[in-house]
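One chain comes next, on its own, written as structure tokens: the form predicted on its own.
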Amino acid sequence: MNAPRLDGQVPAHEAVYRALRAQILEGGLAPGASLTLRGVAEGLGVSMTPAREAVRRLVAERALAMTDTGRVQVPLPDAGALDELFRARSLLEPELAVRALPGVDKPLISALRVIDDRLEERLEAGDAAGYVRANNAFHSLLYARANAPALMALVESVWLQTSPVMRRVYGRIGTGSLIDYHEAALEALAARDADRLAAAIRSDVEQGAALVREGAA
């Protein structure tokens, strides 16, 4: 775990929160893994107080869970919960992409293509962690143009609950069979075609859901 930069501009609890949140989104913490406040504090080079506050926020966001015995764990959603979470993604993410379309310009498409090239490299290398990072970066950059903070917050909440499982599944079954639906999304963005864009994003989400079901079987 990399220590956050405590440069005085960001409070320690916020730096710890961001570091842990990023690690969860990238699948750096395995589903079911247990954390201790002392371990978080020592790993990030901070005191117990900011570690406790950061963990409390992540529990409230369902990115972490508190057990009956008071232990903090990375959630391990069951099949029903995963179906519900991916259903939420398949409804929300195409909507965000379509809302982003009016704000999309050539520089953004170019930036998305750079990320997609990196994603392709990670696919070819079988780098599950790198794929998850690049995938999140692609979607985050596109959805930011939607100017829909409430919808984005909902999507990020779902990502926090599904990313660890996706990272584990991709690590187990590999990424070689994944189809890069981002290319279809980029073509739709260039053509200003909302229907094609929504379909590409939905297919991307549904592919992830199918692989998680396969990996959990």
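We call the rigid core whatever largest set of C-alpha positions still superposes within 1.5 Å between the two forms. The numbering used is simple: start at 1 and walk along the sequence shown. Not measured: the values here are computed from a predicted model.
Omitted here: the form predicted together with another copy of the chain. The next part is about that form.
Within 4.5 Å of another copy of the chain in the predicted bound form, a heavy atom is found for all three of D83, R87 and A148.
By the criterion of a heavy atom within 4.5 Å, V158 is counted among the residues contacting another copy of the chain in the predicted bound form.
Interface residue remark: L154 is counted as part of the site for another copy of the chain in the predicted bound form, having a heavy atom within 4.5 Å. Proximity of E183 to another copy of the chain in the predicted bound form: non-hydrogen atoms within 4.5 Å are absent; the residue sits far from the partner.
Taking the partner from elsewhere, E53 is found to have a heavy atom lying within 4.5 Å of another copy of the chain in the predicted bound form. Figure note: of the listed segments 107-115, 124-132, 67-75, 137-145, the one touching another copy of the chain in the predicted bound form, with heavy atoms no more than 4.5 Å away, is 67-75. For the stretch 95-119, the set of residues having any non-hydrogen atom within 4.5 angstroms of another copy of the chain in the predicted bound form comprises E95, R99, in sequence order. Superposition of the core reveals a Cα shift of less than 2 Å for S34 between the shown form and the other one. S157 shows a C-alpha shift below 2 Å between the shown form and the other one [criterion: core-superposed Cα displacement of 2 Å].
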